[in-house]
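Take a look at this one chain, the form predicted alone, written out in structure tokens.
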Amino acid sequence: MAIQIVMDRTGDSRHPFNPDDVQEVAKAEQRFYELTKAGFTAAVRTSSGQTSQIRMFDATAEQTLFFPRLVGG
């Protein structure tokens, strides 16, 4: 089971999906592009435990973390 974790000012929301289910993958891919278009940064954890920013949807990623653009002022 893969999961997309969306961080925002209220905490986080989790969206699990089955990478073997075509409909669930399509919904996860749509969420990925909606969030990144809205300014969220997407990152995945690498095998060495580091995080790496991604710009294309990866259905094989175990966890994708989305965090909002920092706003200062």
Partner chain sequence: MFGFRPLLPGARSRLRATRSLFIRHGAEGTPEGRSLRLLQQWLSPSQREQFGRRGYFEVVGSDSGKRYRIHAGASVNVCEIDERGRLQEGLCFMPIGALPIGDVMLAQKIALETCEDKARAVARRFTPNGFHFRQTRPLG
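Since the model is a prediction, treat every value here as computed from it, not as a measurement. Numbering follows the first chain given and starts at 1.
Omitted here: the form predicted together with its partner chain. The next part is about that form.
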Q. Its partner chain in the model of the complex: within 4.5 Å of a heavy atom of each of Thr41, Val44 and Ser52?
A. yes
Q. Does its partner chain get within 4.5 angstroms of any non-hydrogen atom of Gly11 in the model of the complex?
A. yes
**Q.** Touches its partner chain in the model of the complex: Val25 (any heavy atom, 4.5 Å)
**A.** no
(Q) I'd like to check something about Ala59: if you look in the model of the complex, is any of its heavy atoms closer than or equal to 4.5 Å to a heavy atom of its partner chain? (A) no
(Q) Just checking whether Asn18 would be counted as a contact of its partner chain in the model of the complex - the rule being heavy atoms within 4.5 angstroms. (A) no
